Ligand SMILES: NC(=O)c1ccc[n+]([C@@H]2O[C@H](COP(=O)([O-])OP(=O)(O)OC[C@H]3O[C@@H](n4cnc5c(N)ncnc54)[C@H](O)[C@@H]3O)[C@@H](O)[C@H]2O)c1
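Form predicted on its own, single chain, as structure tokens, below.
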Amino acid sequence: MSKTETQSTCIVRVGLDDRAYDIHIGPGLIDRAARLISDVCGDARCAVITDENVAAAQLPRLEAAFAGTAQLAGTIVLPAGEATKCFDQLEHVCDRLLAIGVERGDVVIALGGGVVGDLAGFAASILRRGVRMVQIPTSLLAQVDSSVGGKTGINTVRGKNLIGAFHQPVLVLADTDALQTLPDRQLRAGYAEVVKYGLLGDRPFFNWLDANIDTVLARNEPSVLHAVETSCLAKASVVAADEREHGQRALLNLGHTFGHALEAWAGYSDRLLHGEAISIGMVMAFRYSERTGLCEPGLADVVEAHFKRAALPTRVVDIPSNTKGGDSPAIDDLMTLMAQDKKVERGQLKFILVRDIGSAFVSSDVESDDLRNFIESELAR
């Protein structure tokens, strides 16, 4: 992992030997995408995958960048929302890419948030046994997390991201201008993943966020650039050291075992966005760590207060009611969903727990009965 600066952008290098790639961070990158992609991929033909919301806000900029070239082969526009990460849409995307004529030497461009990036990346990993991938993340969550590291996949009724593959991009263009059109709720959900890097391994960064939360959420350019750059540097370092999550990369899942179960229970809908679920999950991880004596009392309150300042949910009761019923998850349902977590080994759940803010670790020493009692207490809050 390394970092270089240009006049208007920061470039973070993800060090993976012959599969290393750059993350460009800064304004105006979509407008320069054709040249930046050509610098890496030559004159390869490109197929764009995006969703309806991003297509309206950002696709014209990308199409203008390719104007006058013969590189843009076609565009696939998908429905927006987490429910798009499914088998039916994966089949649709693969069929459309083949109809467009994408060949093994060509490039799939994911223009969008985490849903588009995950689905497009998975399609690229299996199409013709693997084609190159460029991530152009347009949400804060995607810029600081899902676009970096090569994790791709889709959801099933049994859990989130349980079907997928590791498929590293050849380039990431995190255009901070795209965040200006991002809805406030999506920005705040992405902010939860920014805070995660401070909570799991960088106390000074959490302190900086605590002092600058208002300017980050107001989309102040210097504050946003610092938040995205620091997050990407942290993730690039972890990915370079543990690409396939055999060790420390699991730390990036702080709060995710709880959060993913809540997402699945909520039906992968707008009722609970990914970052909102992770906000609840991280507070739960701190509360569970306090309960088991791993960290000093009061830390969960500090974390919860920060997320509340960002207008993020911090408890299960904060999840909006479902007008069709099922306002509160059943303990058995959540336990079953957590048992499908990707980190499970031989039936043993792994959790990311904490000793302090900025000091997380992987634990397999979680008793099922104690966990059940904890979750029951959380549902009663």
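Definition used throughout: the rigid core is the maximal C-alpha set that superposes within 1.5 Å between two forms. Start at 1 with the first residue shown and count on from there. Since the model is a prediction, treat every value here as computed from it, not as a measurement.
There is another form of this protein, the form predicted in complex with the ligand, and it is not shown here; the text below is about that form.
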Testing 68 to 76, 182 to 190, 222 to 230, 302 to 310 against the ligand in the model of the complex with a 4.5 Å heavy atom criterion leaves exactly one stretch, namely 182 to 190
Is the gap between Ala339 and the ligand in the model of the complex 4.5 Å or less for some heavy atom pair? no
Since only the chain is shown here, I'm wondering whether Ser289 would be in contact with the ligand in the model of the complex (any heavy atom pair within 4.5 Å). no
Any of the heavy atoms of Pro169 lying within 4.5 Å of the ligand in the model of the complex? no
Distance check, Asp145 to the ligand in the model of the complex, heavy atom within 4.5 Å: yes
Quick one: from Ala178, Ala234, Met133, Leu272, grab the residue that has a heavy atom within 4.5 Å of the ligand in the model of the complex. Ala178
Quick one: from Gly121, Gly114, Gly198, Gly281, grab the residue that has a heavy atom within 4.5 Å of the ligand in the model of the complex. Gly114
Using heavy atoms and a 4.5 Å cut-off, decide whether Val194, Lys350 and Ser359 all contact the ligand in the model of the complex. no
Even though the chain is shown alone, can you say which residues of 39 to 61 have a heavy atom within 4.5 Å of the ligand in the model of the complex? Asp51, Asn53, Val54, Ala57, Gln58
Any CA movement of 2 Å or more for Gly150 between the shown form and the other one, core superposed? no
Return yes or no for Gly159: a CA shift of at least 2 Å between the shown form and the other one, with the rigid core superposed? yes
